[in-house]
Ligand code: PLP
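Below you will find one chain, with nothing else, as structure tokens; this is the form predicted on its own, and questions on how it binds or moves follow later.
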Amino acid sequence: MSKPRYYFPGSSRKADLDFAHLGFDYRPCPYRFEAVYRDGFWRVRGLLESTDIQISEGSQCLHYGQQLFEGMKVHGGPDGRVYSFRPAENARRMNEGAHYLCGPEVPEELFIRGIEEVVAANHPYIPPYGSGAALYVRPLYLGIGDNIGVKPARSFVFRIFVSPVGPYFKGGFGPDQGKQFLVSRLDRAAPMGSGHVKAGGNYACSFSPGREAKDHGFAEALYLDPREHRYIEEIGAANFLGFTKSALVTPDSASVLRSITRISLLEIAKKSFGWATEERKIALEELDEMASAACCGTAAVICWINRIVDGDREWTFPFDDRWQKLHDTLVGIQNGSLDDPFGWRHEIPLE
């Protein structure tokens, strides 16, 4: 079957947006992709124009949090092509979550087909190369049906929408854009809970500590491990990174999401620059000896941390040029301005 084509008046032009000054906000685009699971099969509905989803009031996603989401970015390259970054990894992570939440997996080919179709259909909204913006891609997975008991759904909606976005943290990345974070004594995830999957309910737990941090002038909350409140876990919706005297370190915890950005940065650090890397427990007190700190994620890419506060204790960190090298290499691979020795870049066919 040939791939569908989409017509836009003046489709050779970009949408009328100031791409260079976008914030990280939701801007609906014309099309979204959807498939529905029922009676043991995924049925593709294809591209839809309505932003609304109609589901039963008894749906498990509304009452019991049987819901997942993913986040990824698509970039326009200097060659005029369009690239996504490691979409198969996002598919695998969503399916790990689907298994944990007792739902059916989304076939990887369906996941990637949806990414390709929704990006191609909304191509006027892909920010141009050099704008500093990207097309954010949000796959959703919802347990639905007529239900009132605490049990897994029998039907599911898989939907993907896109939105052009700018930097997650205002100001973006750079040596003059350090951010400050407040250590929270509240937990984002239970020790043996769902913190390792990208379930929506995990993020509801971050609203209150995040509000407290922002009310005191910080960018976000920094979470400690939920068992002992001794070890660094993560920062808001981003993973922690730090340079010690000997290595680039990041927390190893069963309650932290497997960040695709983080594992990519660790591989770049090790294979491209020859730096030692470690995934291990990091006690808060180790910040005394840390040379520099940052956080990373799909939305944030890399954010330099210049200050962490815990009650009457605080730590400050200088900007480290190694963050710049990691940032530039990752973004260069993502947008096609650098070679991709890892095979991570996935071209989106527009025709």
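None of the values given here were measured: they were computed from a predicted structure. Don't overthink the numbering: it's just position in the shown sequence, from 1.
Absent from the display: the form predicted in complex with this ligand. The rest refers to it.
A.B. asks: Considering only heavy atoms, tell me if Ala189 and this ligand come within 4.5 Å of each other in the model of the complex.
C.D. replies: Ala189: no, not in contact with this ligand in the model of the complex.
A.B. asks: Given that the partner is absent here, does Ile282 sit within 4.5 Å of this ligand in the model of the complex, heavy atoms only?
C.D. replies: Flag for Ile282 set to no.
A.B. asks: Consider Cys296 of the chain shown here, and say whether it contacts this ligand in the model of the complex, taking contact as heavy atoms within 4.5 Å.
C.D. replies: Yes, Cys296 sits close enough to this ligand in the model of the complex that at least one of its heavy atoms falls within 4.5 Å.
A.B. asks: Considering non-hydrogen atoms and a 4.5 Å limit, does this ligand approach Asp225 in the model of the complex?
C.D. replies: No - in the model of the complex, heavy atoms of Asp225 and this ligand never come within 4.5 Å of each other.
A.B. asks: Taking this ligand in the model of the complex as the reference, which of Gly236, Pro251, Gly76, Pro164 has a non-hydrogen atom within 4.5 Å?
C.D. replies: In short, Gly236.
A.B. asks: Please pick, from Ser259, Ser184, Ser84, Asn122, the one residue with any non-hydrogen atom lying within 4.5 angstroms of this ligand in the model of the complex.
C.D. replies: When this ligand is considered in the model of the complex, the option within 4.5 Å is Ser259.
A.B. asks: Can all three of Arg211, Phe218 and Arg307 be found with a heavy atom no more than 4.5 Å from this ligand in the model of the complex?
C.D. replies: None of them does, since no heavy atom lies within 4.5 Å of the partner.
A.B. asks: Based on heavy atom distances of at most 4.5 Å to this ligand in the model of the complex, which listed stretch, 97-105, 125-133, 170-178, 259-267, is the contact stretch?
C.D. replies: In short, 259-267.
A.B. asks: Note that this ligand is not shown here; using its position in the model of the complex, name the residues of 188-213 with a heavy atom within 4.5 Å of it, in sequence order.
C.D. replies: The stretch touches the partner through Arg188, Lys198, Tyr203.
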